[in-house]
Ligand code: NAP
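Encoded as structure tokens, the following chain is the form predicted on its own, with no partner shown.
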Amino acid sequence: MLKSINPTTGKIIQSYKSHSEKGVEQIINAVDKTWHHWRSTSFKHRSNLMQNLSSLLKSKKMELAQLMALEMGKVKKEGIAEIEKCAWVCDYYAQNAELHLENEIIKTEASRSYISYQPIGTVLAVMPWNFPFWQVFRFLAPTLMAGNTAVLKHASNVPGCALAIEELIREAGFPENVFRTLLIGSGQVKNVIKHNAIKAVSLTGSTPAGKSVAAIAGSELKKCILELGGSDPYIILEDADLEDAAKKCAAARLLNAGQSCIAAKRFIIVEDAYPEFLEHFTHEMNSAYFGDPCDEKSTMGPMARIDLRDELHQQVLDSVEKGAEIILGGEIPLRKGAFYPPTILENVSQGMPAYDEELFGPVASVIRVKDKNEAIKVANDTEFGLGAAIFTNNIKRGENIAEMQIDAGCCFINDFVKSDPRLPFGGIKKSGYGRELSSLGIKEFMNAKTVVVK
């Protein structure tokens, strides 16, 4: 049994009966059977359905945002933006999938040689709760447009969102079993990966979860794409617009109550900019209003679960015990729900959770450094490598740092890190491997088949 619990009130919203092993088997087989037809449909046909899906998302964005607010605490304004982004990725692949997957002519001694991209079958998606629609749709749109089919194992605390996605796809006119949700626990994922009909796996989640899934997929010789944890560094140099940088850094730390792999987490400030930046940053962080996500006044909701809030608070306490200083927040509020206030930790250094670990919530680690070189060294001093940002008015210098000196899958200059359907998204080191979105993302689960005509 899966339970949907409102993190604002702690009350059970609804309980859902889990799929049995027999039920899972039937669903996977039905999706695999559908693939043998779906793979031969035209791009035009798939595109029309995907555009229908985009229109549905736009028309239902208010109710879907409400569902997210109730199931995982996302404020409605952010929920609406998430659904609009899902519609965008549907439109993008509806318009560009055929172009991305057209045959690539390679000049050789043969009369004709080329690469043909062919779908591989049914792909399993294992997805997290923090962006319960976007994480699925950035996988779903390219996967279905490429001619593959999919099954989803969503996070156990957002079953309502998982079933809503399945219903949206059905309502848009897609075949009944082109995409299905599996209501199962994490302990059943291993058997799903091992199922003969499952050809590959896409996982967004924690680094331990990624290691586990990768090990199982590897033992079955099945490809997987992993988008895992992050400890994104934001470097603030002395020539940055410090007031603007502070606004963007605070927004990047507090979006979705700080529960994002690409949220800003470590703020690395050169000493000449440190006092002024910290003043602006503290003001921006302190200006957030955290409350009921259904309340229009709230700019930040609760965290998704009480246990996640308590784990974050323990990381804060452990960091303080090792010498960090709380200059804002850091106390669990005396109210119902999984709330945690915007928090800033100063004097953060190696050996503290606030430096070494991912803080998956609204806690900012502030680190003072001597100069640019030390900032780059500290930025790269992490096992993660998902996103990063540099704030400077010297764009040429910023580009050089971003392109050549920062170990990350994506790096932004004078803005916070965000995903875009037009650009590849993914990380390095323990933040995972493979790429989603753009032309690279749609090709990840395709057979790049060489065809030669003598």
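From 1 onward, residues are counted along the sequence shown. Everything numeric here is computed off the predicted structure, so don't read it as measured data.
What follows is about the form predicted together with the ligand, which we do not show.
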The stretch from 355 to 363, 292 to 300, 336 to 344, 74 to 82 that lies within 4.5 Å of the ligand in the predicted complex, judged by heavy atoms, is 355 to 363
Contact residue in the predicted complex, from P233, G147, P159, P128 (heavy atom within 4.5 Å of the ligand):
P128
Scan N103, S219, S206, Q95 and let me know which has any heavy atom within 4.5 Å of the ligand in the predicted complex.
S206
Using the partner position in the predicted complex, report whether T382 sits within 4.5 Å of the ligand, counting heavy atoms only.
no
Would L386 count as a contact of the ligand in the predicted complex, using a 4.5 angstroms cut-off between non-hydrogen atoms?
yes
Decide whether Q135 counts as a contact residue for the ligand in the predicted complex under a heavy atom distance cut-off of 4.5 Å.
yes
Spell out, yes or no, whether the shortest heavy atom distance between L183 and the ligand in the predicted complex is within 4.5 Å.
no
Within 139 to 161, the residues that have a heavy atom no more than 4.5 Å from the ligand in the predicted complex:
K153, H154, A155, S156
